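Just the one chain here, the form predicted on its own, laid out as structure tokens.
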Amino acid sequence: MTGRFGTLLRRDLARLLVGGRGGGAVLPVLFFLSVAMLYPFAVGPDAQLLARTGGGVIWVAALLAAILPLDRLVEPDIEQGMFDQWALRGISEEMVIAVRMLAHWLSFGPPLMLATLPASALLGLDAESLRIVEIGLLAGTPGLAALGVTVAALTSGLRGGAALSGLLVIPMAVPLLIFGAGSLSVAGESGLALTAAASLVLLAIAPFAGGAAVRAARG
């Protein structure tokens, strides 16, 4: 089991980190930093306004960056019959989806957390706000990864599935955004706890929901 898990994880990381024409892990980071650079031009040079709203902007940029690779998460493997081959080898859809969630998070979560350091300087966040944002991203981005893989599985095989995936993920991720960004204002530590709790719920549900969706798409 461990060997299969490691093999699947290496394969998924190679596809998501390099990405070919999809840009791999570089594209979400560049998109994330572009939002952080453009936002101050949109709202003006008000340092207090930037500091007050910067954490929320980082969360929105993280969500949008996590959406970018959704079209490469599940549908190509269904079209190529990879899930059929894994099933013949005794590898369940739930296991494949769980590994895909981990690979998806590793391909965008840690890079975005590193990119938050220069983004926080552009947005004028102080050290305490940066600490809360980083902890919130550590707690919340696994939930975004789980949600993204699940929605990608649910929309695989549908016409316009890539666009539909993004449209579905955004409203479903609203609780994570509210708790994560809210931790910078009045929620504090309780906001971070709620972010982690919502993320854990998504992580627990995603392998089973995604696995069922893949089986339905294969059938």
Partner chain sequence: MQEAFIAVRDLACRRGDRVLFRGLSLTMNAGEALRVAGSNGIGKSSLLRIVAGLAPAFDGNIETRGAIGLVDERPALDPHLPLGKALGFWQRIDGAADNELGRLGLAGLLDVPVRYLSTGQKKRAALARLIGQKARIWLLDEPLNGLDGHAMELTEALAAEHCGAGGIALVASHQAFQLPGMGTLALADYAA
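Keep in mind that this is a model prediction, so the values were computed, not measured. Residue numbers count along the first chain shown, from 1.
Only in words, not in the display: the form predicted together with its partner chain, which the text now covers.
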{"property": "Among the candidates L122, M82, L106, I135, the residue which, in the model of the complex, approaches its partner chain to within 4.5 Å (heavy atoms)", "result": "M82"}
{"property": "Candidate stretches 126-134, 106-114, 74-82, 142-150, one within 4.5 Å of its partner chain in the model of the complex by heavy atom", "result": "74-82"}
{"property": "Contact flag, A213 vs its partner chain in the model of the complex, heavy atom cut 4.5 Å", "result": "no"}
